[in-house]
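One chain follows as structure tokens, the form predicted alone.
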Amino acid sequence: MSLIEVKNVYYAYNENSVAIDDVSFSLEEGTYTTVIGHNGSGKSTLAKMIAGLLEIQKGSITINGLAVNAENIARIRRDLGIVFQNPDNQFIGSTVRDDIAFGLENKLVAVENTERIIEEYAAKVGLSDHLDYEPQNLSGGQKQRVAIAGIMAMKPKIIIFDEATSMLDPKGKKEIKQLMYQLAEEEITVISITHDIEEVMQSDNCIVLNKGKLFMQDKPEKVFADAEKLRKINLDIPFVMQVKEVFRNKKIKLKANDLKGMAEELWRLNSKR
């Protein structure tokens, strides 16, 4: 049985605004899945349904065999955390230490163990020297790392990132993406709602939504191999796939490792424009 099973789910904000329409897929434990699609395609709505923040109107979602519903949501949330796009809306404590401690206190972790756990997960996100900092003294990337540390300290099986890098500068984005890759390596199941095509290339699975429907689902290299299908819904493809496409269309044959020849040919083609 898959860790997450989504079956024929449907959600509409009103009769004229269907956000998710008959979407089904399953995700295995320890995988890193990216969800892409244009604004309004239903990505964030889907994430909130999986996290139990929006009630499923039709269909079903099960996590580790438990249906996502009012009866089970408290149990499910012990194994699931979500990081939203605006880090300023996520700080609960007055300091980094307090924020990481908040979830542990709610989980009734023994006081004598709390400080050790706080220090352990602050170190994991590179904030050991910032435990007594106040939120306003942190960068956007640091605030997101605090949110991730607070979730990691709860030892969830699943972490959902709902466009968690979209409001960060390039440095902050790089920091958070590295953390996401690290989580995946630690066998935590990661679901990332993203517009970052390069991030998608690093994931195990890619789900493409379009107008609330499941448009494609496969390994990233297979999804991006069908460039024309993606272009029909105005989605871009990674630069490396664009390069391959140019070489294929120009019928240019190079040895797999002939990087020098590829660079020279790209330069030549570019200079002809």
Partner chain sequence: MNNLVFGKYIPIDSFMHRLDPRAKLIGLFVMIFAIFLPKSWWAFLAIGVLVLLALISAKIGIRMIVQSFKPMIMMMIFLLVINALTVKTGDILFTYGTFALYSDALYNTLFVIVRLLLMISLTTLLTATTKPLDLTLAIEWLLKPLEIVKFPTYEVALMVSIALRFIPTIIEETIRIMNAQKSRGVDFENGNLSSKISSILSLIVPLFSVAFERAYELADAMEARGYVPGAERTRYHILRFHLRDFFYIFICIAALAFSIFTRIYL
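None of the values given here were measured: they were computed from a predicted structure. Residue numbers count along the first chain shown, from 1.
FYI, the form predicted together with the partner chain isn't displayed, but the following is about it.
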(request) Scan H130, K124, K157, R77 and let me know which has any heavy atom within 4.5 Å of the partner chain in the predicted bound form. (result) R77
(message) So the partner chain isn't shown here. In the predicted bound form, which residue out of Q182, Q202, N86, N72 has a non-hydrogen atom within 4.5 Å of it?
(response) N86
(message) Please determine whether Q90 contacts the partner chain in the predicted bound form, using a 4.5 Å cut-off between heavy atoms.
(response) yes
(request) Look up in the predicted bound form whether G140 has a non-hydrogen atom within 4.5 angstroms of the partner chain, and give yes or no. (result) no
(message) I'd like to know whether K177 contacts the partner chain in the predicted bound form, with contact meaning heavy atoms within 4.5 angstroms.
(response) no
(message) Within 4.5 Å, heavy atoms only: does G103 come near the partner chain in the predicted bound form?
(response) yes
(request) Using the arrangement in the predicted bound form, list in sequence order the residues of 95 to 120 with any heavy atom within 4.5 angstroms of the partner chain. (result) R97, D98, D99, A101, F102, G103, L104, E105, N106, L108, V109, V111, T114, E115, I118
